[in-house]
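Given next, in structure tokens, is a single chain: the form predicted alone.
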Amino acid sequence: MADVNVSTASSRLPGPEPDRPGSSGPTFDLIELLFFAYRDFIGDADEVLAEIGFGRAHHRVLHFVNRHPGMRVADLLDVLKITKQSLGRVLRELVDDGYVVQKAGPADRRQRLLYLTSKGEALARDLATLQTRRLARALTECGPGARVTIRRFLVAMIDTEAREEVERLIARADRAVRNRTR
């Protein structure tokens, strides 16, 4: 896939338009920066995934199942906002290749709970490490306090009615990780 190569140094990028109510027109600079940032943020992982025949949907499944072991398939569908058919194909590949296992729920045997295998955990960890390096570099370049500001910005980008649930999902996963490492 060919991407546009922009050789403009970040110091020469046009600055943001003034933050003022009623300013007219699209904020093309921010829109484009989000596209390019996402391209590069996901690109490191894309290269690793392509070597094993996986794509971004596989990455998202690995990420969320890693962060939420025992997640129900129905909950994963809600998080990813993809069709049951799309998830079914991706899950089948991850299960067949030994990255994910599905288990019946303890109370309701019809539930399908998802867990990563040790192979899946290793891949999810490798992908997260690549992305963490990129985030750490960017946060360092932005200076003190950047993490809090950027986190607040990212939360604000989420639809208002979904923010609380997303924050709960993240907090629940963070608590589980802290409890597992104790």
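When you see a residue number, it is the position in the sequence shown, counting from 1. Because the structure is predicted, anything quoted here is derived from the model rather than measured.
The form predicted together with the DNA is left out here; the points below concern that form.
The DNA in the predicted complex comes within 4.5 Å of a heavy atom belonging to A57.
Although the partner is absent here, D78 sits far enough away that none of its heavy atoms falls within 4.5 Å of the DNA in the predicted complex. Interface residue remark: V101 is not counted as part of the site for the DNA in the predicted complex, having no heavy atom within 4.5 Å. The stretch in contact with the DNA in the predicted complex, judged by heavy atoms within 4.5 Å, is 49-57, chosen from 116-124, 49-57, 148-156, 129-137.
Contact annotation for 60-90: residues with any non-hydrogen atom within 4.5 angstroms of the DNA in the predicted complex are R60, R72, V73, A74, K81, I82, T83, K84, Q85, S86, R89, listed in sequence order.
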